[in-house]
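Just one chain follows, in the form predicted on its own, and it is written as structure tokens.
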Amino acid sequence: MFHWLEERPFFFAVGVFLTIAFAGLIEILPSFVEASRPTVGTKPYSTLELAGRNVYIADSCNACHSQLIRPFKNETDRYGMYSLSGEYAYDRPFLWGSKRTGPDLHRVGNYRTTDWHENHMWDPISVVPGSIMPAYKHMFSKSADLETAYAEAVTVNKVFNAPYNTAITMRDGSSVTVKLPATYDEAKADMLTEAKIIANSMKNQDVKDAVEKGEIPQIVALIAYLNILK
């Protein structure tokens, strides 16, 4: 049989294609079954966190930082518990990454604070001597795109049935509900409430003033996202 196929490259190619296609279906189809999507006690992103995630992607943070801790001792000693597949249930696109110019950030919310992130983004060398990361001072004055973040949350909720407005049991046993308001105006009010909590922990007065005026600088949204990575 194998000799027959080797002598007929067309049929051999068709056989390889069908084999790969079948294997691909076996891998992909379970993803569309609700029961096969473990969420490992995670919750969907709030609208402000989504806005911060978009800033993270737009400024190519994922080009130098991975979000995937492998199950090796040297990784878990440095970064914490290894990553579980269900933790990416609400990541579109995923940000696993393959390059680490900087450290992995999947658990950064466990060991860095709002104050640390503020200083790091303003002047990286001030908190990490020898850092080659550029400063991102524009984030302190440029407003986050809140409308796109809200539209993304609504789309994710409709298409993927994300559990917004539903009590979710976290790994520590606590119950959390991520609110998705019916209108953008309501969502912006909620985002401002979240933003004020973050801004109150920051030193930059311009950022504080902007939030008080109803604007949310990119740095606030980004910190909201980084703080949730645990």
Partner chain sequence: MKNIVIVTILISLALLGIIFSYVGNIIGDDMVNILSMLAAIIILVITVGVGLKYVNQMKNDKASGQLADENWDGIGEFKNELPIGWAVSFLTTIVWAIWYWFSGYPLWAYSQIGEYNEEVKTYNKKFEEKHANISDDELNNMGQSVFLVNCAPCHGVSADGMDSKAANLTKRLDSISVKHVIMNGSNDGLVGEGIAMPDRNGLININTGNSISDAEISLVVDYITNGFVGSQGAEVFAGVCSACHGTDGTGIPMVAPNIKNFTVDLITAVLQYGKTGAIGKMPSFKTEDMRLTATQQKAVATYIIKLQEGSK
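Residue numbers count along the first chain shown, from 1. The structure presented is a predicted model; accordingly, all values stated were derived computationally and were not measured. Definition used throughout: the rigid core is the maximal C-alpha set that superposes within 1.5 Å between two forms.
Unshown form predicted together with its partner chain; subsequent notes refer to it.
When its partner chain is considered in the predicted complex, K142 lies well away from it, no heavy atom lying within 4.5 Å. Taking non-hydrogen atoms only, I26 approaches its partner chain to within 4.5 angstroms in the predicted complex. When its partner chain is considered in the predicted complex, W122 lies well away from it, no heavy atom lying within 4.5 Å.
Its partner chain is not drawn, but in the predicted complex it has no heavy atom within 4.5 Å of N157.
Looking at 102-119, the residues that come within 4.5 Å of its partner chain in the predicted complex, counting any heavy atom, are N110, Y111, R112, T113, D115, W116, N119. Put the two forms on the same core and the Cα of G214 is off by less than 2 Å between the shown form and the other one.
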